[in-house]
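A lone chain, given as structure tokens: the form predicted on its own.
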């Protein structure tokens, strides 16, 4: 449960940072059109919107990574121009991106002072002073970190503290946090919120980007909403409820985020017996029936992703047996898995799911290309027509089917991947964190699609760390802890408390 830490923002004569009339155009798309944002000292300001709304573009302009086509930025009322990230950092603006940008082999102190290592009179790095300054930063902010620890040995939440410390080392006035809790455990989220509270007390303005609305209501003072590259609203969070925020973000009513269907389940499609791997999983057994959603929950490191990959032949197993439709997954590889009718919607879509430089059509049709072959050649017209049906069905936002898929937002990329497997046709599908980094509007469509898959007779295995979607989408719920299955609940008996207790092990 997220505990509220919000309190009134510190009094200030005016905003620390003000962006006004910001416009940015990329080839074929206007990413931002006359957008404004201001942040006060000691304020946590939420920046919200669907994928593709313009949030990332706006914060990259604020970080100096992009140059705006029109608009102004003022720092303490004085116009500024950020030509590069170093300019923004020197002005006291630090962005903590979702992908942490630290050097794993360097120590905590070395990473904090990466751009400006303290030097002694001889011009050499003053290691002692660097460690002392790092410790002083931690003492000031209340961080409990070892300044000499290699970053590679830290948890994700601890690495975020190092990034925040880099901001403090540059006397940051504004810290932007981009989806900071996407890979954190509940305990780490609570710790991060405590850190945010301390930054607020220090008078630092925080821009908080997240798709998790419960976090917005817990820690944010005001919220600015963007939609389709345009400003929609800025108002105190206290004047919003979940419904009004969603309406501002998506521009339409979403009355039922989760489908109400309960799936009965038919014959067993996927059977896993005594599955083990060398490094993580131990003696896991379960069955999934046609038309059923079996949800798997576990804290970070519990083995959800490892199990997902093992079931579809991606990761090797050391013991056990997997059957799809009554046939053994042997040899244990992805080619055999696909032939038997099981596919994976990977958690890491960019590294393991997408061909980033290929166009949208080919990313969607890749497993099904043989169906579009005519005399040894791909019928491009038929291929595009089939892809367009899924673009329309899932309201995938794009300029053209020919554009590289890397140019789509995360939510739209995920819908392309789901369309890929719907087009191919499967007996079973494994979806690993299907809504990670996806806005509420796209979530509703993904939830509906998962429900549709099960209603159509597919066996669905869903790995998720999101309790609401686990409890609302699953027909049965399995819990993992330290690589072992610790509980299996029917949907009617599962509660958040029971699931978390089983996840703790």
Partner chain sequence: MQQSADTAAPAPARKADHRLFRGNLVALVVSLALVIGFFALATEHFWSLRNITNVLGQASILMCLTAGVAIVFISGEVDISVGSLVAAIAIPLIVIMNATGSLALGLGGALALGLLIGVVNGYLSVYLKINSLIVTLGTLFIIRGLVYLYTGKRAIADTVYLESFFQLGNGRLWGLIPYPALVAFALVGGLAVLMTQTRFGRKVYAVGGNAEVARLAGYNVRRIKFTCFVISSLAATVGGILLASRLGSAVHVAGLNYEFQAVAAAVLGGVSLAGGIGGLIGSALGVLILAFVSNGLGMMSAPTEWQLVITGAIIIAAVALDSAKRERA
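Residue numbers count along the first chain shown, from 1. Just so it is clear, the structure is predicted and the values come from calculations on it, not from any experiment.
Unshown form predicted in complex with its partner chain; subsequent notes refer to it.
- Proximity of residue 158 to its partner chain in the predicted complex falls within the 4.5 Å heavy atom cutoff.
- Its partner chain is not shown here, but in the predicted complex it comes within 4.5 Å of a heavy atom of residue 146.
- When contacts are judged by a 4.5 Å heavy atom cut-off, residue 166 counts as touching its partner chain in the predicted complex.
- By the criterion of a heavy atom within 4.5 Å, residue 89 is counted among the residues contacting its partner chain in the predicted complex.
- Not one of 250, 280 and 326 is positioned with any heavy atom within 4.5 Å of its partner chain in the predicted complex.
- The candidate stretches are 239-247, 217-225, 108-116, 318-326, and the one lying within 4.5 Å of its partner chain in the predicted complex by heavy atoms is 108-116.
- Of the candidates 301, 203, 150, 197, 150 is the one whose heavy atoms come within 4.5 Å of its partner chain in the predicted complex; the others do not.
- Comment: its partner chain is not present in this chain, but in the predicted complex one of 191, 212, 427, 289 has a heavy atom within 4.5 Å of it, namely 191.
- Contacts between 83-103 and its partner chain, taken as any heavy atom within 4.5 Å in the predicted complex, involve 85, 86, 89, 97, 101, 102, 103.
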